[in-house]
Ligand SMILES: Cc1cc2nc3c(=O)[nH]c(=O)nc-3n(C[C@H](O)[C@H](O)[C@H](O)COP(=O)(O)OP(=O)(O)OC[C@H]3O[C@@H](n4cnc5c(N)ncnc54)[C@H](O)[C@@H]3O)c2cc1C
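Single chain ahead, by itself, as structure tokens, in the form predicted on its own.
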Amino acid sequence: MERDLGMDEEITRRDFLNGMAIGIGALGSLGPSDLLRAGLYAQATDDYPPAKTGLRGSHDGAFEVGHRMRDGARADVFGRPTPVDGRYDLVVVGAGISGLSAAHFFREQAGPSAKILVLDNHDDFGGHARRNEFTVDGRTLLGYGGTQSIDGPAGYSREAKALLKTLAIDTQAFYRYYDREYFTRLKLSPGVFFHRETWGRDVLVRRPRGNGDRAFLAKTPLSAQAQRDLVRLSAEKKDYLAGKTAEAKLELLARTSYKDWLLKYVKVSPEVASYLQNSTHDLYGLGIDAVPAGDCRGLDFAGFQGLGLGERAGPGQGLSAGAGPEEPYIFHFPDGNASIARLLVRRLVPGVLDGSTMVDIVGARARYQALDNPQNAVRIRLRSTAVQVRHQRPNHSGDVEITYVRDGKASRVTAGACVLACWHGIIPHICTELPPAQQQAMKYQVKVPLVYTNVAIRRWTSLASQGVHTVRCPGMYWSGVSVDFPVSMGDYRFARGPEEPVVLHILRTPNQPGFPARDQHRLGRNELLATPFATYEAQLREQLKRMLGPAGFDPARDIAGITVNRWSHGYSYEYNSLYDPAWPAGQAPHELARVTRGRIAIANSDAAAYAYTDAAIDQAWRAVGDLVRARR
């Protein structure tokens, strides 16, 4: 079986690493996963993290120190810290978009000579905005390993829009770069793969006109009753809540899961609920058992067209979702929002990235050795986990001392101010001087675990010949497979057609249906961290072979590289009306958690309870503003 799936192929066939070929056969009995654990796959790219393959995202070495702090370790367990670097004006903990934005905003206020240090526990900057690179037959392919797109830029705050402008990001240019007719020209549509363990047989069915399309349903293994229910669900304009006021209807939808809505009110068969269960995984990291019906109505899911509620209300329960005009989902760099992080780094740290435009950043190769150059006012120090952040004097006064661990050794830096742009859950363990109520509020945030896998394949004729470009897989290990977005910018060109190589984006959001949302996220994270790369790879190869093998796909021949971006702490937790109360203004956990104390401010999208890039930017702006006002 492993031979059929390509698990025993040479690395030159499986994972391109900057042209370095290491044959498994030359390394005795070691298998692919053994090589990954031994670090042999990474040898060619140790100085260039975007090209590393295998298990990435929250990679081994990035979280172990943080987990020791979570488990009750004191900072001194790592030894007496060595003072380094002298005094900074600002230290930022977290080199994601929020942390980098905080460094940018502080520099705007304090001037270009302000000394700033950004610390991050990973071996790459950008946080969840992560870039994946592959080399396939001499051609570079890019993929997004996390934060995907600039979603709804017209609705961004004034400050976030100004930052995009400062970085020379012209969102209107994506109307040229993103080929919205690409899949239409190729006559491709979404599809659904039904697997035999749940549905009786393996079959991939093209779905050109939605779940209620009779022609699509007739080709599926769904029962006749389920097919009738799906047609009715899509077409019926019945008021299932007749007699209730609009306010009462909205309240019921907010407190009813979409699964219960379908079963109890629309009265579809349980088979329909099973078929739709993972249709919300990509946005929520949860199935329809834990997503409010009101949110699904806002996303144009079927079953609400007869309620007489007028215009739909988007998800997010009024936080900031849907605040701007409706825009197409096209504002996507080839590496996702990693390009935003790279543009911030280029502006902050001289010598790392060449160029001056949003186009040339796509092809620029970062010089990681220049990130921590003592000659520069702004420095970024990777593989450095903060373990203690405290004021030098009581009552949140004096300079801030930041102790971090790098390569097993503790160091300490001093700064006039600190922005904690890491996720909320870790802050109480490294900044114990915060009031207990604030620490408790931070712990309410339970981030969504995600597995974003990118697979470089030499050709995708096996999808195109079946008329599909994206496939949902109800009930399978991987919930969806998509050909990457058709974006071409500057010298970077998307595949002209199915005969050319592309990146497939493949999703898994580990969760446990039947539990409350935050418990599902905790259980999913435990599963994610316990899963070795070998399992991800084997599941991936088998699923692709079953889906695409009948159309000629051979995983041993066609897969050129695999990068599994596991995010044990992925999306920020957005409040869920099924489980969370409606707090008074200013009293929601994220609002209590983000209060600035002395010279320590809190950023990150957690501080907005909103898992989007503009939230990360806005919270950086607020945090820096708090610090600047405190200095006056």
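Computed from a predicted model, the values in this text were never measured in an experiment. Residue numbers here begin at 1 and follow the sequence given.
Just so you know, the form predicted together with the named molecule exists too; it's not on screen, but the next bit is about it.
> Are all three of Gly127, Gln148 and Ala611 close to the named molecule in the predicted bound form, meaning a heavy atom of each within 4.5 Å?
Replying inline: Yes.
>> Just checking whether Phe494 would be counted as a contact of the named molecule in the predicted bound form - the rule being heavy atoms within 4.5 angstroms.
In response: The answer is no: Phe494 has no heavy atom within 4.5 Å of the named molecule.
>> If we define contact as a non-hydrogen atom of the residue within 4.5 angstroms of the partner, is Tyr571 a contact of the named molecule in the predicted bound form?
In response: Tyr571: contacts the named molecule in the predicted bound form.
> Hey, in the predicted bound form, does Ala386 get a heavy atom within 4.5 angstroms of the named molecule?
Replying inline: Ala386: yes, in contact with the named molecule in the predicted bound form.
> Would Trp423 sit within 4.5 Å of the named molecule in the predicted bound form, counting heavy atoms only?
Replying inline: Taking the distances in the predicted bound form, the answer for Trp423 is yes, it comes within 4.5 Å of the named molecule.
>> Which residue, Gly294, Gly561, Gly99, Pro334, is the contact with the named molecule in the predicted bound form, using a 4.5 Å heavy atom cutoff?
In response: Flagged contact: Gly99.
> Only one of Val471, Leu343, Leu119, Leu230 has a non-hydrogen atom within 4.5 angstroms of the named molecule in the predicted bound form; which is it?
Replying inline: Of the listed residues, the single hit is Leu119.
>> I need the one stretch from 240 to 248, 548 to 556, 193 to 201, 425 to 433 whose residues put non-hydrogen atoms within 4.5 angstroms of the named molecule in the predicted bound form.
In response: Going by heavy atoms within 4.5 Å, the stretch is 425 to 433.
> Going through 435 to 468 from first to last, which residues have a non-hydrogen atom within 4.5 Å of the named molecule in the predicted bound form?
Replying inline: Residues within 4.5 Å: Leu450, Tyr452.
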